[in-house]
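Quick setup: one chain, the form predicted alone, written in structure tokens, and binding and motion questions come after.
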């Protein structure tokens, strides 16, 4: 033994590889090593185990594949390109392209995308390639349409900018409507909790200090062999949200571990299987590989708040053990929890990687460089003026009282040329709204007072809200105007689709 990084080295990766060659390496899955630690202690793990295998299988949107189609005769400089009508990024050389997992089909919509094309390619299915060009002297062809399989491609290299999150925040929904998100369908009024990640099987949870995982680490990727090529985008290690950038030869992968999927009303993605071997090189690693679901915590955030992910309110901090139990207590209420990842597949990946190592098919690599242990996940600052509700709302609001006469209010709407009339109480607080359509019906049915016909559940906006957020809210409720209220629910303005169309020119400018 010798001192290495302030830890007493128990064994080296070279020594482990020698044992793999001899067929006497001791390899356990992450689940098996937890049982050993519980029965015999971490010291037994350090002494007896050479490698712990991990696994995860979940939606990893920041994934895609570089493709080289080869040259046709006559050749084409592909400027725009599609595979099964899914756009391929073409800011590359003539016949190179990058197909992202979340790219959306132009003919099949959200139900089919880049992840599905990748699965189809790995499955050996035929895929329709279509491309366009402007034609050049060296690339005279302007259009091409043909059918290809993965065997026709010169290269198909999976390169995923962000995979394998160390931990992932869980989600719930405090609003009174269903939300369709990348965390799945979230039921109203805290109706469910969804989460992602394999917890105690998750690779980066078993080596959170990145002592064995780094640049050049060989991994199980999509059923084949891949490599870590750096930290992933949004790598944020200090609070425990590390990520990985990985690559591998798509031609060597297996569609069992690469599945196209689509989140209902959100869009397509790619489910990927990743497994990483953790060599037990010192006592620190022996301790972390024994971490259980009970020891790994994430936040449950409220996705009803349309803010940046890190600004969404935290409802509760919870362990993977509680999440995986199928229920989470939010206050006194028991709420069902469900995983967006497959623990069964994660277990299968850890078992498969263990088998590869025991059979001498997979050897460990020592990272050529460690992953960054510091980093800052910066938000995107908006440095140009964006219109808020307060910038374009009409502050000269015509209001009514609940006991106002329907006919006189109808006359007021006609006189002022407006379609929405907030109804307020004696303190000026919003209690309802009527529209010109409501008044037309009221007159037809001989109604007398506004409180007989007004809508009492009013959709509102705040002065400092984003226009985009409020426009989406109006579209979801199929309405054309909202009263703008202050913190006391007093009406301070009104915003209509006419205001938005009239005052926002060219998309973002306020006149």
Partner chain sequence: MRVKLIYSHDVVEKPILASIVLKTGVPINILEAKVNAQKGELIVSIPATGDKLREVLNLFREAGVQVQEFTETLRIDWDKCMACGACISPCPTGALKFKDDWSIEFDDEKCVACKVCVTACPVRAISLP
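Only a predicted model underlies this, so the values are computations on that prediction, with no experimental measurement involved. Residue numbers count along the first chain shown, from 1.
Below, we turn to the form predicted together with its partner chain, even though it does not appear here.
Only one of 229-237, 390-398, 431-439, 185-193 lies within 4.5 Å of its partner chain in the model of the complex by heavy atoms, and it is 185-193. Listed residues 133, 299, 341, 102 were compared with its partner chain in the model of the complex; 341 is the one with a heavy atom within 4.5 Å. For the residues 84, 365, 319, 262, the 4.5 Å heavy atom test against its partner chain in the model of the complex is passed only by 262. Contact annotation for residue 140: none of its heavy atoms lies within 4.5 Å of its partner chain in the model of the complex. Remark: residue 324 counts among the residues lining its partner chain in the model of the complex, judged by a heavy atom distance of 4.5 Å or less. Remark: residue 337 counts among the residues lining its partner chain in the model of the complex, judged by a heavy atom distance of 4.5 Å or less. Although the partner is absent here, residue 405 is not a contact residue: none of its heavy atoms lies within 4.5 angstroms of its partner chain in the model of the complex.
Along 101-115, a non-hydrogen atom within 4.5 Å of its partner chain in the model of the complex is carried only by 111.
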